[in-house]
Structure formats: structure tokens, C-alpha cells
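Shown below, as C-alpha cells, is a lone chain in the form predicted on its own; questions about how it binds or moves come after it.
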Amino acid sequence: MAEDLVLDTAIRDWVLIPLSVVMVLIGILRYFVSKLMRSSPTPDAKMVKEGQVIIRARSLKFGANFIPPRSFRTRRSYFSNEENGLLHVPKGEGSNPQAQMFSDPNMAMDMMKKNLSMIIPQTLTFAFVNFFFSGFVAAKIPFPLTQRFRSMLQNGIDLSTVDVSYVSSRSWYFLNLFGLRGLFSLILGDENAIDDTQRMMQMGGFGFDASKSLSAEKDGLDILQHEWALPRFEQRAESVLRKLVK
């Protein structure tokens, strides 16, 4: 039988609220520090050109049925021609993002700065929370939960008799760590929101491989079956009007 606890108001005043305020302030400080460390790289003309070609090829695929068949075949040949097509990547000329990162010291330095701006503050913050706020039952969720949530909500408390709806101070830290994106978007703006989940997914990435994207768009254009939609517009409009009349 799970036990019900009476939480002291001092825990709210000296643990729950200070911990939340500290997480918000650290997030804002991290944003300004990462903004100072951020460098403005000069765009590569080749990468910009390849990106624009990919966008144009996707636009052709999405709107292929709204142009005549002859125009579609001409545009597809312009993009996917084996000799001089824009999407054709000759063998041996594909870019290697990993080699490009190691050959460009600025790219490697920017990646190291991004990783350090996430790892170091989170390590120091977790040590601070674990030292000052460890072992407290900080809050209670106002709805029942199953036993699967115990390890997530009661990290640092080794009591199986406590109800699952109670949240420990260490678990409150992790909830704030991954749940404050909406608040940061309100304070710093949508483009400046700090999302640790995206940063963790980006760690270890080596950039954009344009050759694979060009090859994928070329294969998509080659297998695309063109069906001109304009000749059937009158029949479709007539069928819709007949249904409305009936």
C-alpha cells in the first residue's frame, strides 16, 4: 500500500522554486554564452548551389502533374542527364562530410564549442543539484500513475512504499532540463529556444552530405510517373457540380 506524504511548505520555498529558477537562469546564461562563442562561417558557394538545385528538383517533383508531358521530360533531362545534369554526381567526386570536417579547422572548432556549451553546464548543474537538493520529495503530480514511472519520477529516492505520483528533487531537475523549451521560446524567441534533445541528437554529426541528397533526388525524378492533371479538370469539375445539384 503506497503511503501518502504531507509535503512541508519549506520544501516548496527552498527546493522546488529555487531549483526551477536556477534552471531557467542557467538556460538563459547558456544561450548568451553560446551566442558569444558562436562564429559566423562564410557560406560555401558550391554547397549553396547544390542546396538550391535540390530545392528546384523537389519543386519539379511536387508540381510535375501540372505541366505538359513534353515540358516535364525536358526539365527532367535537364536535372538528371547522365552527362551534364545538375543532379548527376560523377563517381569519385562525392563529398565526404567527415573528411571535410577534419580538413576545415573552423568546422571542427564550432562543433567542439557546441558540444562543450552543452556538456560543461549540464555537468556543473547536475553536481550542484545533487549536492544541495538531493534526497527531497519536491512535488506531487495531481493524477495517478503506474509503476513504470517510478524510476523516472523518483530518481534518488529508494523507497518503494511511496506513491508513484511524488516527484523527487533530482527528477524535477530532469523534468525542467527537457521541459523548459516552451518557456525559453517565450523568453528568447522561437529561433533562440534551447533544446537539449536536439543538441544531443546532433552530437557526433558530420555535416550535410550533398552527394547523397543529389543522388536521391535524381533517382526520385527518374522513377516518377508523369500524369498531366489539366485535361481531367473539366471532368472533375463536372462531376463535383453534378453531386452538388443532386
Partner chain sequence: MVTKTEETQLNELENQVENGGGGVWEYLCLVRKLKVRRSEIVLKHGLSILNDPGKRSALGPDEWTLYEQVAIAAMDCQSLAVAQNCIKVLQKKFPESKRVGKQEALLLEAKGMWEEAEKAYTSLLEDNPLDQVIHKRKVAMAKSQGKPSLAIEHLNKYLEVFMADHDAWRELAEIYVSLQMYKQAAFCYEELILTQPTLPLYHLAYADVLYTIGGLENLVAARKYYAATIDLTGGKSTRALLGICLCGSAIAQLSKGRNKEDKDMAAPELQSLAATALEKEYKQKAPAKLNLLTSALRSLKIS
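Numbering follows the first chain given and starts at 1. For the two forms, the rigid core is made up of the largest set of C-alpha atoms that agree within 1.5 Å on superposition. The structure displayed is predicted, hence computed values, not measured ones.
One more form of this protein should be noted, the form predicted in complex with the partner chain, which is absent from this view; the next part is about it.
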Query raised in the report: With the partner removed from view, which of 173-181, 213-221, 22-30, 45-53 is the stretch that lies within 4.5 Å of the partner chain in the model of the complex, judged by heavy atom distances?
Result: 45-53
Query raised in the report: Going by a heavy atom distance of 4.5 Å, is Ala10 a contact of the partner chain in the model of the complex?
Result: no
Query raised in the report: Can Trp14 be called a contact residue for the partner chain in the model of the complex at 4.5 Å between heavy atoms?
Result: no
Query raised in the report: Does at least one non-hydrogen atom of Gln235 fall within 4.5 angstroms of the partner chain in the model of the complex?
Result: yes
Report task. Report yes if any heavy atom of Ser71 sits within 4.5 Å of a heavy atom of the partner chain in the model of the complex; otherwise report no. Result -> yes
Report task. Within 4.5 Å of the partner chain in the model of the complex, which residues of 216-246 have a heavy atom? Give them in sequence order, or say none. Result -> Trp228, Leu230, Pro231, Phe233, Glu234, Gln235, Arg236, Ala237, Glu238, Val240, Leu241, Arg242, Leu244, Val245, Lys246
Query raised in the report: Fitting the rigid core first, would the Cα of Val53 be found 2 Å or more away between the shown form and the other one?
Result: no
Query raised in the report: When the two forms are laid on each other by their rigid core, does Asn130 show a Cα shift of 2 Å or more between the shown form and the other one?
Result: no
Requested in this report: Determine, after fitting the two forms on their core, whether Arg76 shows a C-alpha shift of 2 Å or more between the shown form and the other one.
Outcome: yes
